[in-house]
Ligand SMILES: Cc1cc2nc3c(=O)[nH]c(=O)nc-3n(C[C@H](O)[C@H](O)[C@H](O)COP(=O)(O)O)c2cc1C
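Single chain ahead, by itself, as structure tokens, in the form predicted alone.
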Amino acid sequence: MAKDITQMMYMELRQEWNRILDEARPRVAPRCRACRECDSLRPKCGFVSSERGKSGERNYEKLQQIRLACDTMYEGGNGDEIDTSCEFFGEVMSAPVFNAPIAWIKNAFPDSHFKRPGMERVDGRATDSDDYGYTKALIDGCADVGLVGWVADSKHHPLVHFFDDGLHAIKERSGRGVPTIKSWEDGQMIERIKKADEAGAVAIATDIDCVGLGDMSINAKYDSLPGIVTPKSAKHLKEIFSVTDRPYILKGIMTPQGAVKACESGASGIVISNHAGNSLDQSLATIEVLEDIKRAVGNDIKIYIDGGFRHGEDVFKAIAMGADGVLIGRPVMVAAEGADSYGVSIYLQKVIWELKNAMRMTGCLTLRDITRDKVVITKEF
């Protein structure tokens, strides 16, 4: 019987992670080097598609300006008493950690091993992507360590339907996933929302900042379905999501005003996100705006965040500053390339152990104990 990943020692997980990085490296080149410390910094990193990539770099750099306040003078045990469990819209999770939704694996990594045999290339583009295999690795890898996975959306190709592939993977795990819909025209969004409903998804998300992505930005034109993406008001989003009773989450919030609008839209949660720096260069880092957003909406809406998060200590920082959970993008993609769902589980369990150790070293037995005084900003934001 295979060893339970959740029971592996931290040093075992680190060793396995290093091995998985070695396996992934030729598959993710040349876009990514599968670095042991993924810092998003150029020129070695070509993953961020914006011309300068400064927003992606800032996400990582600003997280490094925050440090943890060590305090081990408390009544404790061997660590078994530390509880990272949380609730996510009715689902119990082992920790407040998710993968970030990223679709079209062959667009990110042209030499990806997720390939559908016999598929041809269309117009020179990589349409032989097996996003079902990729999203299944994400959903299964998360579920196997007690987490909920996210899957993404993208424009169609003649032979690939990214959103449907993700829903298939979610349905196979009894709905334990969050499909993320782009800001398409109303009819296309509603059709996808209904499909997500039928798949039994825990919640449904939409990445409202996709309107700044290169092939969806101002003056962008393409022929593939489902159509153009547009900004939408709070009232408009409320009307679109009125077709479902499931909680929905708006991803791409970067201001207190935007968070207030999200509440007005009826959303149950937001993701503070700048799309890994892909949608707008020269934006603030996500961690920079977290506290202002928390002050603006309090506990009226769930607050999640992504952008440069890599380790359990980073998750600790976000929770201390007001987040309910953290989404991690690129390293999870690399983990899937290195060892499918097993790689995803190994990486995420490593993050969970790092979070638990951060809690142990700061006197926090539960997530509620992770308060603002547990972290220190060492430089002015």
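All values derive from a computational prediction rather than experimental measurement. Residue numbers here begin at 1 and follow the sequence given.
Beyond what is shown, the protein has a form predicted together with the named molecule; the following relates to that form.
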Discussion item. So in the model of the complex, is the named molecule close enough to Thr255 to count as touching (4.5 Å, heavy atoms)?
Written reply: no
Worksheet item: Should Asp165 be counted as a contact of the named molecule in the model of the complex, where contact means heavy atoms within 4.5 Å?
Response: no
Discussion item. So in the model of the complex, is the named molecule close enough to Val351 to count as touching (4.5 Å, heavy atoms)?
Written reply: no
Worksheet item: Heavy atoms within 4.5 Å of the named molecule in the model of the complex: does Asn278 have any?
Response: yes
Worksheet entry | Contacting member of Pro96, Gly269, Pro101, Gly175, with respect to the named molecule in the model of the complex [4.5 Å, heavy atom] | Pro101
Worksheet item: Considering the named molecule in the model of the complex, which of Ile328, Ile346, Met321, Ala339 comes within 4.5 Å of it through any heavy atom?
Response: Ile328
Worksheet, complete the sentence: In contact with the named molecule in the model of the complex (heavy atoms, 4.5 Å), from 83-91, 290-298, 260-268, 102-110, is stretch 102-110
Worksheet item: So, Asp153, Lys182 and Gly308: all three within 4.5 Å of the named molecule in the model of the complex by heavy atoms, or not?
Response: yes
